Ligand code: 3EB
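Next comes just one chain, in structure tokens: the form predicted alone.
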Amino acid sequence: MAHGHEIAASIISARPAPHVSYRYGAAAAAALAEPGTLAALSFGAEALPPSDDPRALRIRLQPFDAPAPVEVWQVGTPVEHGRDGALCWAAGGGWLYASIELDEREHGGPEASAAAAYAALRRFVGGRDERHVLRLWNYLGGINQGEADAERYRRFCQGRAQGMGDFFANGFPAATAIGHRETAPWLQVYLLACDRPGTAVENPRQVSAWRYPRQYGPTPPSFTRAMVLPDRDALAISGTAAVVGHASVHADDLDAQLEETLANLSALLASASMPAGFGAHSPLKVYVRHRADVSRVRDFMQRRLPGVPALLLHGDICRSELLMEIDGWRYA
């Protein structure tokens, strides 16, 4: 009898990973009307009709391909959604999406804006059952502007640490930080959380980000390289680039950076005990610094990762010497 109760409990506690896909045209427009939609993310110019729905977020990165898809997150249960001040949220099936957009001009720059955004997310998520943050995305303007510790990315890292406090004392989530090219200094942060913790994954080829030496700023980046979702059915991959140990490699060599990034992605899959390679159901985002590099990046992706849905976006990487970065999902 006890064994039967254990099986029942495991079934009840199951939280299948949200299904993340890229949709185009009518399928994208229909997403918000579907009961299991947790989030619908469009890119650049509105790919979705304007909406007050808190699940709809326009990411301030321009896609290189048109028409741009909508990234849709779906769970297998009905979803509730709402707003809490500047914060938007949706929840269902043990999963939580939350986002916040702040104009830095109203908050005193990148450090204060990051502190305010993360403090708001910490307060909201900390009061919910879905309090385990598994994945975060951060998009801010002019990420490489400023010298040494005055660089906007380093100031963002300091503000993020101030805002999160000890919320991630038991381990950091997977994360991405990319610079957008819009003139207005908007900070966008959004996340995926669950009512159960995931399993953090590090890359044996790299120093853990929170252990970076002082040369990268007074506050090291606060993320893990990837996160296995609670049912071990998906891997959320952080922004991954040509970094070995803690150092950027292959400066000004796009082809070599692409190969090194793929080696790092392969190492993450092995560390997470995932089968090698990516497939048609594992969507990736590829952030490319220079528009002139797009055709070579696209050719690389088609040649080395054939059939993998890849969204190419115009974005600045957090280190000025890095030309591209990849993040995304690997489903088991």
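None of the values given here were measured: they were computed from a predicted structure. The first residue of the sequence shown is number 1, and the count goes up from there.
From this point on, the text means the form predicted in complex with this ligand, which you will not see here.
Query raised in the report: If we take heavy atoms and a 4.5 Å cut-off, which stretch out of 174-182, 105-113, 76-84, 92-100 is in contact with this ligand in the predicted bound form?
Result: Checking each option against the 4.5 Å cut-off leaves 174-182.
Requested in this report: Answer with yes or no whether residue 198 is in contact with this ligand in the predicted bound form, where contact means some heavy atom within 4.5 Å.
Outcome: Close contact is absent here: in the predicted bound form, residue 198 is far from this ligand, nothing within 4.5 Å, heavy atoms only.
Query raised in the report: Going by a heavy atom distance of 4.5 Å, is residue 223 a contact of this ligand in the predicted bound form?
Result: Yes.
Requested in this report: Spell out, yes or no, whether the shortest heavy atom distance between residue 153 and this ligand in the predicted bound form is within 4.5 Å.
Outcome: Close contact exists here: in the predicted bound form, residue 153 approaches this ligand to within 4.5 Å, heavy atoms only.
Query raised in the report: With the partner left out of view, is residue 186 within 4.5 angstroms of this ligand in the predicted bound form by any non-hydrogen atom?
Result: No - in the predicted bound form, heavy atoms of residue 186 and this ligand never come within 4.5 Å of each other.
Requested in this report: Work out which of 212, 124, 190, 168 lies within 4.5 Å of this ligand in the predicted bound form, going by heavy atoms.
Outcome: By the 4.5 Å criterion, the partner-contacting residue is 212.
**Report entry** 4.5 Å heavy atom contact with this ligand in the predicted bound form for all of 138, 243 and 325
**Finding:** Every listed residue reaches this ligand in the predicted bound form, so yes.
**Report entry** Residues of 304-332 having any heavy atom within 4.5 Å of this ligand in the predicted bound form, listed in sequence order
**Finding:** Heavy-atom contacts to this ligand in the predicted bound form: 318, 319, 325.
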